[in-house]
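Before any questions on binding or motion, here is one chain by itself as structure tokens, the form predicted on its own.
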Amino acid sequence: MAVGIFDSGLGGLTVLDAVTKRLPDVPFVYFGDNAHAPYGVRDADDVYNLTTAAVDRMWDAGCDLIILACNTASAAALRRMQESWIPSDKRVLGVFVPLIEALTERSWGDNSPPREVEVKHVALFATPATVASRAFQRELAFRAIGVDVEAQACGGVVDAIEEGDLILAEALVRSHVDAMKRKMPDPQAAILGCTHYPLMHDTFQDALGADVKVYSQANLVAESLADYLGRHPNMIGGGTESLFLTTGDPSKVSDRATQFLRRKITFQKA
């Protein structure tokens, strides 16, 4: 039975790769809204409208549970969707939760008061829209105190990755890390707050230095999803086969996806 993975473009493939390895018997429907990527420069209403349109299409494909493997959509659209749009028999989950659970070493269901955690200085690298939403800081504040979060909007990185220009993406990452270090010279941890960014994990780590713990979301989301499906097996939808859907050019997107995952991926028009 199919579970949906949504992203504005190719970045969610990092999550897809991790969840398929963790849950090999579950078919996944991947939806890349490549025609409208990147979301990180769009306003909240635009992100909401594009995300709900994509989720609606994935419900048609038999997905009752969908992961927004897009930090911008999770930050700008998810809460509004959960409050007023998602039917009671469906679920849409974001990617912030597993990350904050890992950073604070406490489960999402732990409703005890915020407490001090080991990590005090955190660098957040994200899209301009995610940074502007302050969603990560808001969710973190419910669970931890005394954590200094410095955010760096990483303009251009998603565009470069989507175009397959990894030389430009690397140069941009190093530039954004330099800008972060001017604001926070000695972060203890760094959050890659966009699912495209794990494709540049080694560059982030090299630029930040070996002493900085770099958190990316793919494996954390995979473990969280496995746990969720173990507790809510009824949320596995009625779809029975894996699909790759895109609003962009299927041939071009398939080539890029095959390059990133190093296995043949064939997209079809959404």
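Since the model is a prediction, treat every value here as computed from it, not as a measurement. Counting begins at 1, following the sequence as shown.
There is another form of the same protein, the form predicted in complex with a small molecule; it is not shown, and what comes next is about it.
- For the candidate set V122, L140, V173, V158, a heavy atom within 4.5 Å of the small molecule in the predicted complex is found for exactly one residue, namely V158.
- At least one heavy atom of Y39 is located within 4.5 Å of the small molecule in the predicted complex.
- The partner is not drawn, yet in the predicted complex one stretch among 176-184, 110-118, 140-148, 194-202 has residues with heavy atoms inside 4.5 Å of the small molecule: 194-202.
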